[in-house]
Structures are given as C-alpha cells and as structure tokens.
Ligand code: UGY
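In the block that follows, a single chain appears as structure tokens, in the form predicted alone.
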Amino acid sequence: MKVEKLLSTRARIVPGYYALIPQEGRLENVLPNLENCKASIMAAPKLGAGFVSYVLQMQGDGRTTAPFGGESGIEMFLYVNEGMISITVEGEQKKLEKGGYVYTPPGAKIEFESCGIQSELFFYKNRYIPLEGKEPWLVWGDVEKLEWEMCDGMDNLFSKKLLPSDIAFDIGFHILLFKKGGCHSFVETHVQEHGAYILQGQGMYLLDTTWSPVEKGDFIWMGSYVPQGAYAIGGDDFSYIFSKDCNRDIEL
C-alpha cells in the first residue's frame, strides 16, 4: 500500500474539554475476555471523561470468554447498533437485535456472543454514584418499541428516552433524530458531559466555537460546559445515541 496524498483528519481533541473522533481514525484494542472482537476505546479518564465508552466490532463467532464487568460500583450499558447478539446478565438470557439494549446495575456481570453474524455494539461503563435508599435495576429495551417525542416544540427534532425517569439512575441514554433541516433549538451549555455515537446520516456539530462535519460512525465526547449544538445536512435523517449524567448534586 502506498499513500499518495497528504495525511489529514477530522479529529479534534481538546483533553479535558471535548473530542471528535472520526471512524477512519480509530485504533483497535485487544481486551481481556473478548474473543474475535475488535474494541475501540472512544472515551476514557485519560481523555478527561468521567466514564468509558467503546465501539465493539464482533465477528460472527465473537464472544466473551469470561463474564465482563462485575466490579463493585460499576454500572454498564450496551446497545446493539448492527447485527444480533445473545447476552446473559446474572443468569437471565436474551437475544438483542439492532436497536436492542440493556442497562446493568452496579456489580452485575454480563456475557455475550454474536449470533453467527457480524455485530456492532456501543458499550458504556461508569462508576455509579450511590443515593441513600435508592437502587437502580436491570433494564432491557428495544428502541423500535419506543415512541418518538418532539423536542422543544420543533417539528423536525425528536428523541427517545432509553432509561426510566427515576432518581435511582444517575445516567440517562437518549437517541436524537434530526429530520431534514432539523437542528437544536439553542446552543447548549451545561454541567453534564455527553458521549455521543453517530448512528446515521450527516450533520454539523458545534463544539466550543467551531462547527465540524460529522457522519455515521463518528464519536463525540463533550465535557462540562462545552457550548454544543447540531443540525442535519444532506437528504437523510441524522441521529445519534448519547449518554448524560443526571439526578445527582455536585460534590465539593
């Protein structure tokens, strides 16, 4: 292979503040207890994130070789973006197709394997912030069974909420869908951090004071107080799944 043009990238990294990681710049990692599975670590404390996000590319025979997770205080979320997997959480087994997901409460262990086809997973783990008298619970879901809700009264921006609106949960997951011409109703600036994975289409994304083109397969990490906003471009719908810390006060 011979490179015949200047190297370039759409990646923009400001450690501790924000990051845009395009699909073509991702590296693959070998992780313990994963077989025939390529793992890209998208967000991590080394970047400044308070959580870890992965994109997992599983072959048709990809699987865990031992339970994944189980660390005290660690919660996890897994979303199937392509393919189909069989997953077991604390002895409960289900098959998840595209759009299927599971949230596991702190300390739970999971095992999963592809069902004979290549699968792509968006995976997240975080240290749970306890709240006296409250405990989150195991949540299985399918985005295809959730209704779209209009955002901010706009007729071309919709969302789906993937986890319950209960104070026991210290994170939330949503999918935003921008129809043609859709955009945020204002530029957001807030304490919550996000990890966003582009599921389809193309858009322009504002991070701090710069707009950047983004497309399917890109990952965006937004730290606290990063001015942010997006709008769709092209003729296709633009959507992404994102995490959001919530329901907790600020510790001093």
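In this text the structure is predicted, and so the values were computed from the model without any measurement. The first residue of the sequence shown is number 1, and the count goes up from there.
Keep in mind that the form predicted in complex with the ligand is missing from the display, and what follows is about it.
Screening 28-36, 65-73, 44-52, 181-189 for residues having heavy atoms within 4.5 Å of the ligand in the model of the complex returns a single hit, 181-189.
None of the heavy atoms of Y17 is located within 4.5 Å of the ligand in the model of the complex.
Of the heavy atoms in R10, none are within 4.5 Å of the ligand in the model of the complex. The ligand is not drawn, but in the model of the complex it has no heavy atom within 4.5 Å of S239.
Put simply, M222 is close to the ligand in the model of the complex: some heavy atom of it is within 4.5 Å. Proximity of K98, L146 and K160 to the ligand in the model of the complex is absent: no residue of the three has a non-hydrogen atom within 4.5 angstroms. Here is the short version: of A108, L176, V102, I87, the single residue with a heavy atom within 4.5 Å of the ligand in the model of the complex is L176.
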